[in-house]
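Consider the single chain below, provided in structure tokens and representing the form predicted alone.
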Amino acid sequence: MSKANSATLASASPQYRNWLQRNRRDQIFVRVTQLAVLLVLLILWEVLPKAQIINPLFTSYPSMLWPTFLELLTATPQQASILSHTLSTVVATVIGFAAAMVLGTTIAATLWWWNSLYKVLDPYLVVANAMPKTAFVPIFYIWLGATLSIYGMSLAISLFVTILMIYSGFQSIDPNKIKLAQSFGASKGQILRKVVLPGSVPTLIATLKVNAGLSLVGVVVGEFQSANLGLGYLIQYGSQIFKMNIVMTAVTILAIVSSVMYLAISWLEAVVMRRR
């Protein structure tokens, strides 16, 4: 803690210090409870199959994840290493995630600029967002090929929800702020840059959080269909040869990747909100 923060805390009222202590206790309670839930789930996952309450053929064991990971670290002529599979999935997810955010924000800004265009496209956007994107996997495979179809799926799953969320954020900007900017002679472009985009930062952050998971889902679904590399392919391969150790190890790595992406976005949110 810095000297300035220490001095502020020392001069704070007893009520404020008590609030800080309660807040700190609440944070510790939440973290401990989260870890306890995870521990209970892992114990149940380990115990139930070994007690034959659940068929271990379908679930594997947590204790087998690390040995399986070590086994998959070594590449073979038939199979790439698990690090190569993970890198392939992460790269495709980041590319799809970035493309969805840039393209979705651009389209949302265009719709905000031309409200008549939004009125024309609104039903099509809603229908496109509601459609099950997995139905397009074979179509993308035929159109784009084995590799690009993975990026296509990642973009398709996350793009339309990005457009709708960000456009909704643009529309929720206080109209009085826009009128004030107009009264000072601001152009529409200046209002977009100086009022709408800065005022939509919380919406943009929320969209980032949603897209992190959706982009990963799109990549994994695409890898199920056409890839010979990636965690989705590894899950498909492990299920086909009934090696649940491989499947559950790949699923665990996907959970770790999702957690890292979420933590990175949460860190970005904290940095951005401090500077606002």
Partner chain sequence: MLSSPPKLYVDNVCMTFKTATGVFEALVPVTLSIPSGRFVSLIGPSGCGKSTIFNIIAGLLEPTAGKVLIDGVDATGTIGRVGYMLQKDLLLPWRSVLDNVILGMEIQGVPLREARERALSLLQRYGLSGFEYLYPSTLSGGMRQRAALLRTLLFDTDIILLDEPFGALDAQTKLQMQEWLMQLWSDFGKTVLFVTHDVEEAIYLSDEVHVMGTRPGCILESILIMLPRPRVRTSSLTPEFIAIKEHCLNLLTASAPALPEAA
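Positions refer to the first chain, counted from 1. Fair warning: this is a prediction, and the values are worked out from it, not measured in the lab.
Another form, the form predicted in complex with the partner chain, is not on view; read the next lines as being about it.
Exactly one listed residue, out of 186, 164, 107, 94, brings a non-hydrogen atom to within 4.5 Å of the partner chain in the predicted complex: 186.
Think of it this way: in the predicted complex, the partner chain has a heavy atom of just one of 81, 115, 172, 190 within 4.5 Å, and the residue is 190. Stretch-level contact analysis of 121 to 129, 196 to 204, 154 to 162, 95 to 103 against the partner chain in the predicted complex, using heavy atoms and a 4.5 Å limit, identifies 196 to 204. Although the partner is absent here, residue 75 sits far enough away that none of its heavy atoms falls within 4.5 Å of the partner chain in the predicted complex.
The partner chain in the predicted complex is approached by residue 180, whose closest heavy atom lies within 4.5 angstroms of it.
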